[in-house]
Structure formats: structure tokens, C-alpha cells
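Take a look at this one chain, the form predicted alone, written out in C-alpha cells.
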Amino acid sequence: MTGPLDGWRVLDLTQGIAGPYATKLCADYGADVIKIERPGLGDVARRIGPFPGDDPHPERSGMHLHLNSGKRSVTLDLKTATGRALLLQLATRADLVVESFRAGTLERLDLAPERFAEANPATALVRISNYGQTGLQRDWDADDLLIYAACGILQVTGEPDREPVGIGLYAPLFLAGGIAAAHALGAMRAAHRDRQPEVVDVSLQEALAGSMDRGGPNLVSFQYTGTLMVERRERILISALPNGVFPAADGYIQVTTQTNWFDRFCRVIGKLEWITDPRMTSNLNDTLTIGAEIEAAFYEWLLPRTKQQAMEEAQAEGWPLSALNTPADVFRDPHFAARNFFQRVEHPLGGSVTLPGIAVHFGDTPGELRRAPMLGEHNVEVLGELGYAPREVAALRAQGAI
């Protein structure tokens, strides 16, 4: 199967979460992604896990198997002159180079952007770092929640009158990786079109601060009105109708009820007489007058039902309600199954692994989920494409360059 990026080559110098996710998206859609890893150690994601049976193994990390699907692994020691020379040889055939070292690392390794431009003037270089390649904080350390805290998003999570609540593990880094991938493709296209090098500075802090994940809307709202979008939303959603998370028989549901959907709400919970009752219809935003009555009727309908039953009955009437699914629920969800979202791949050491599949479907070039590589698995293959014989690759390995 081919993907829309079939024929493009990406040199992947990233590790961790954000960068590898960006290049994974390229690989899943057909690009030839050559992942450069440290000899003997590899990407730090190989040690993050989760691991089957909680038994750590660099080839069985679920994080690695997911983030590096479809790539080819080559080990290079970039602290050696030979390792750097091999990298620049690979760059002569690359359309895109993506790195996620600490800001300034390429310069310290004598691999400044100019070196890649000399190797291939039509190559785009995307540099992903915590706070960008310049600025007062460029050398600071961070993780996903630290970056969320620094760009103002963490402050607006949770209830407005409570302390901020941290969000799910690594979510900011996956989001930032997707943003980086989109802009990397633009850079690659520009470099190829103009036959000139393109260097892109991706600050995770700025990518998230300007994203639609609470950051951008709240910054715009504050700049324009002096208030936050979350505060305005709290005022907008004052209603006697149910909005938010509520308990069902086997878990929780999330529901949204706008006042113009009152008739749908009434039909679902079996209160048809309310639809034409002026006492109800004229007080939909008055929680003191009818709030308790509506809440009692809503719970009477909801509590005996499973979250799946509640969702199906509500959606049948056009009332937006969803089961609040656990990861196990998502894995068993028949809708995901019908769209073949989860896919099984076979890995020589990881075994049979079921992973989230390709999320955006192209008609004629759908792409393909392929297994992640073992550390250095493609040394002979990739270096052979540069003209190195197997015995020469063995010599490079003996020298410690790969």
C-alpha cells in the first residue's frame, strides 16, 4: 500500500514523544523515515514503556512500538567524526530532517543547519525544542506539564474556583508533535519547490500556547476582553438543563444540552408535556425555579441505564450525549472496529501488537501501519544504499561509529 508521502525521505533525529510522533505520522503515510539512534541505547522511548508483564525490554516498549511504526533504524554515534560524516551522507538523500535535541546541540556537534544545507540545498530542517532555539529560556529543561504550565494552559484546567488539574499523560507532547508534523510538511514542500534550504524552529511552548487546546482561545479572549474564555463559557452555560459529567448505571456520561434542544431532551427522558409547558420553556436558564425538577427527572431516567444505553437513546433523538469511555471501552468499541481503527502488527521481539491505526483516511493513498524497527536493524540496508559493503558496515560497528 502506498501513502501520500510515498517517495519522500525523512531523516529522523528525534527521541521521546513529540518529535517521534511527528515523524511517525510521516512514516504511516508512506515516507521512508530513517530513524537515527544512539548505539546500544536507542531512543529514550524504548525505556518508557509500558511493557508486557512490567518486564522492561527496549524492543517491547509499547511507547516505542507506537511512536516509531514504519521507520528504519540506523545507529550512529554523532560524537564521532565518522558518525557525523555518515549522517551528512544520509542527508544528501533526505527531503526532510527533523531533530529534537536540546537547543544548540547540533551546533555543538558541528552539525549546524549550514552543514545540512551544504549536503542538500533542497532539504528542510525542522528543529523541535522545549522553548525554541533562541530566547531567555532556550536552555531550560521541561516535560509535558511544565510546558503546559509555562504557556498558560494548565492554569485554566479544572474548575475555575479550584487549583489547576493536570491532564492525561503526554497529551501535550502528542498534540505538539502533530502540529510539528503539519508544519514540517510545509517546510519540505517549500524546500523542494524553491531548491533552497528551509529551517523551522518549533518551540513546544509556543506551539501549545497558540493551539486550540485551551491555549489559543484563552489568550485571544484575554487580549481582546480582559477575561478568559473559560470564564465566559461558565456564564454562557448557566442553564437549568444538564451539562457536564453525570453518573450512569455502569460509569459516567458526558452531555451537552442547549436550550434550543429542550424538546429533544424531553422526548428522551419521557417528559413530552414539558415541551409546551410555559412554566418550563420560559425558565430554561433559571435553575432556582425549575432546576431541581429537571435534575430529578434526568436522574430518574439516567441512573437505571448503562452509559451505552443512555448514549444510544439520546443520540437517536439528536441530543448530544456520549458514554465517558474507559480505554478498555474504546478498545472494544464497535464503531472503531467497523472502521478498522485498531490494527495488529507482528514484531520479531515485541510479538503480536495491536496499535491505534491511521486516523485520517486518504482514498487512493491510504498509507499503512507497519511495525517499529529493532535498534540498528537497518544499518546494513541503509548504509548499503550509500555504497557501503557489509564488511565495511561491520568495520564501522567495530570502530564504535555505528
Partner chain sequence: MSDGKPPLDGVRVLAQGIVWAGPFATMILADLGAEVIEVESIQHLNPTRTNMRHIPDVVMQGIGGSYYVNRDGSEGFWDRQAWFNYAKRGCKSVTLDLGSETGRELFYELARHADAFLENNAAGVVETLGVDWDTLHRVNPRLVMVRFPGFGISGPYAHHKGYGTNMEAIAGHTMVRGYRDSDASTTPASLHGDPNAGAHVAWAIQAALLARERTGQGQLVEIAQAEAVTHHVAYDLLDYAMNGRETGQRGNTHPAFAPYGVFRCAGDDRWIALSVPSDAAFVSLCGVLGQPALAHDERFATGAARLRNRDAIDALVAAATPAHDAQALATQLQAAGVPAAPLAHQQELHEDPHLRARGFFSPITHPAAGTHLYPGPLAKLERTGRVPPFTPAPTLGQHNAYVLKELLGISAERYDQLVAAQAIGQAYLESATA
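Everything numeric in this text was worked out from a predicted model, so none of it was measured. Residue numbers count along the first chain shown, from 1.
What follows is about the form predicted in complex with the partner chain, which we do not show.
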I need to confirm a contact call. Of 82, 89, 258, 306, which residue comes within 4.5 Å of the partner chain in the predicted complex, counting heavy atoms only? 258
Which of these residues, 288, 169, 272, 296, gets a heavy atom within 4.5 Å of the partner chain in the predicted complex? 169
Report whether all of 16, 117 and 128 sit within 4.5 Å of the partner chain in the predicted complex, measuring from non-hydrogen atoms. no
In the predicted complex, does residue 279 have a heavy atom within 4.5 Å of the partner chain? no
Would residue 248 count as touching the partner chain in the predicted complex under a 4.5 Å heavy atom rule? no
Can residue 222 be called a contact residue for the partner chain in the predicted complex at 4.5 Å between heavy atoms? yes
Contact of residue 359 with the partner chain in the predicted complex (heavy atom, 4.5 Å): yes
Using a 4.5 Å cut-off on heavy atoms, which residues of 39-53 contact the partner chain in the predicted complex? 48, 49, 50, 51, 52, 53
